[in-house]
Structure formats: C-alpha cells, structure tokens
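The chain below stands alone and is given in structure tokens; this is the form predicted on its own.
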C-alpha cells in the first residue's frame, strides 16, 4: 500500500471515530425516537400487530405475504435495470466515491441467491453481511430493513425463491480506495445501523405504529428524503427534510407548513401516496414515480392511511432556501399570460420561454396551468413549479414522467433531445415564474449539468 493510501485510510478512520462520538452523543438511536413515549419489544405489545401483511393478505400463503411485503419494500426498484429482467440486478448506483451495482436476487444458484440459507438471508437484511461474511454497502438499505421481523424477512425470501431463476452476473463494483475496503462497513454499521427489530410505541395508536413500520422499515423513505452525513449515513437531525437523489430533489416530508406536508389534508396525502397525484399539491415524477409504480400503488387503503398518519407526526423542519407552495392561478388567454409573464434574466430569455411553452407545453397544461386532458397535468400549486431551484422542473422536461394508475398510464414525453439547453432553461424560468411563487434562475450551463445526471 502506498503512503497516500495509508494517509487516506487514516483520515477516514479518524472521521469515523469523530463521527462515532458525535453520533453516540447527539443522534437519536432509532428512527421513531422523535415521537417520545415508550417503545416495547413486539412480544410485549398489547395492541394489534403492526408488522406483517395486512388482513386482506395475512390469510394467504407465505409466498403471497412475501410478495406484498416485497412490494412495500420496493425490492424490484433497485434490483432491476431499465428493460432488464426483474430482480436480476445490475442497476448502477453512481456515488462520489465510485459505482455500485445491485445484485441478482432471483433464485439462480450461480449468480443469484438460490443457495442462500434462511439465516444468511436474514443476516444480510438485518446486519448488512452477505454470504461468507462479505460486508454489504449501505446502498442496500439494511439499516432500515433491520427493523423487519424475522418472519417478514423470510416471507420476502419465500417470494423471491418462487420466482424464475435468471442467470445474470452484475458488473463488478468500481469503488475508489479506501471505500473498496468492505471491512470498513463494520464501523459504518456501528454508527448508522440500529441493529434491532421494530419496537411499537405503546403511547401511539395502532394505526400510527403500522404507518411507522411501513414508512421506516419496509418503505425506507428516509433513504431518499433525509440528507446524508459525510460518511453517507442518514442525518438524524434532518429527518425527512428533503435531499437530492439521482439529480432530483426528494422533497421535504416533515409536518412543516410551508415547505413540507403540514398543510396537506389527509385526503391529499393519501391520494399522493396511492396514486402519485394530490390536487393542488404535487404530481410524482423521477425516482418518486418509480416508487409509486413499483410499490405504493399496490398497498391497501388502510396501509396508505397508516403511512399518512405517521408522516403527519414527523417534526417540522424548514429550510429558507426550500420551496414555498401556494395556490397561484393566471389568466386563461395567451395574450394575458404574455402580459403577466415573469421578468427573466433578459427580454429575449422571457420571450424564448414563452415561445417554448406555447409550442411544447400549452396543449397539455393550458395557458392557466389547469391541465387539458388530466388533473395530473395541473401545474397550479404544484411543488415542482413552486420550487425556486427549478431542479425537478428541468429534470421532468429532460426525462419526461410516467405514472401507472387505475385509469392507465399518465405520462409526459421527454423533451431533452428536442430542445437546447438555452430553450429548456428559458421555459423552466418562464413556467416557475408564471405558475409558481417566484421564477427560478436556471441557466443553460446548469441544464447541461442536469443532463449528465440522467
């Protein structure tokens, strides 16, 4: 090992030690500690069992229960590549320190998990340790799955083993030193893995406890919506405050009234969690739309209601730089919209944004932003257009959006190849200024950067 390698390793270990002290003193031990009250082991809980599959599924066989739980855990989302075979792995996670690839979790005996025993599977889910003691990277959210009961983990395993084996070996990870040293994950676990099963709160309602289990253990919502520390653990002091994921902003899910979900009605939040759309609030796109398509839309109404009840109790956090959502409507004629259009960086930029909106957007979203063919196209009050950073607005224009609903697929086509960076930045600033609280200041160079994050 070169001297620089030893230096880097020493720096990393010192950071871990410092972080360990900080974590032990300042950070809550468990993700539900914010709620106060008394937590007890599941065996001592007198209420209805908040774990497992819901009553509609609980009477079915082990595989059916495992399928529901695997849906709730969104296993398919990380272990399937676009256009690839389900659960065969190979999805790339591009990190600042290298690239990880998800594993094959079909029951193939050579490239998948077909030879894994029950104990090996449980150890991976709870402790982040694979076969033969191999340490797993926390891109696999075992620090959330550790809360799952052993019965639920084995039900998921039974479902995965019922699938058709797929012989597919994912690419090798490409991690820089010292992050390619898997043994260091032992120290990471000491900081960020609670390493305990879910403990119900006896001072909270059974529905709240069910929502906590779905949100924290199965849904692992914090993996996207909570900022990370230097060591890539979830920052417990910023729980659900919002974070960046794959070039998209995962929005604030705390009970904050301005930038979170504090002033959403129960119906709006439940609609969003089950359909990806809440009237006057938001429509899911990007990674969140994949969560809806692969996971949340399959949950029962009672489970969705439980998640909403739990989320409404997360303490409010507000960032002054974050969005402030407000209902804002504009006149419904092109001429009046032109008169009221925002003042962008220059008159030319403003006119360009108007022309792009007229040519590519107005036919679906209408000049008042209300949406022509579907409420999913309603821009008024939408989080995306009220976000002054313009990040998600840029991404949805570049990549498009797709949601699977009971009425069929709701989609917006991608415009990334049809418009230049200058045109896209102009229309982003135009739309956020016309329908949002304040216009964004997206530049062509920033659009170019966003293209790289696809």
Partner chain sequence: MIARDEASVWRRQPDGEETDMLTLNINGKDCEVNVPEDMPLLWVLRDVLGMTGTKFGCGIAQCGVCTVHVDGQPIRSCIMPVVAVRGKKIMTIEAVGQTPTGANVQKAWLDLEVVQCGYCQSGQIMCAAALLAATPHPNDADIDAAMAGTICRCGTYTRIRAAIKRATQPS
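Positions refer to the first chain, counted from 1. Since we're looking at a predicted model, the values are computed, not measured.
Although it is not shown, the form predicted in complex with the partner chain is what the next lines describe.
Within this chain, residue 291 is remote from the site of the partner chain in the predicted complex, having no heavy atom within 4.5 Å. Using a 4.5 Å cutoff between non-hydrogen atoms, residue 274 counts as a contact of the partner chain in the predicted complex. The partner chain in the predicted complex is approached by residue 162, whose closest heavy atom lies within 4.5 angstroms of it. Heavy atoms of residue 359 reach within 4.5 Å of the partner chain in the predicted complex, making it an interface residue.
Note on the interface: of 104-112, 193-201, 234-242, 298-306, the segment with non-hydrogen atoms within 4.5 angstroms of the partner chain in the predicted complex is 298-306. Contact with the partner chain in the predicted complex, judged by any heavy atom within 4.5 Å, is made by just one of 366, 256, 223, 279: 366. With the partner removed from view, the residue among 126, 79, 71, 312 that has a non-hydrogen atom within 4.5 Å of the partner chain in the predicted complex turns out to be 71. Contacts between stretch 54-79 and the partner chain, counted in the predicted complex as any heavy atom lying within 4.5 Å, involve 56, 57, 60, 63, 64, 67, 68, 71, listed in sequence order.
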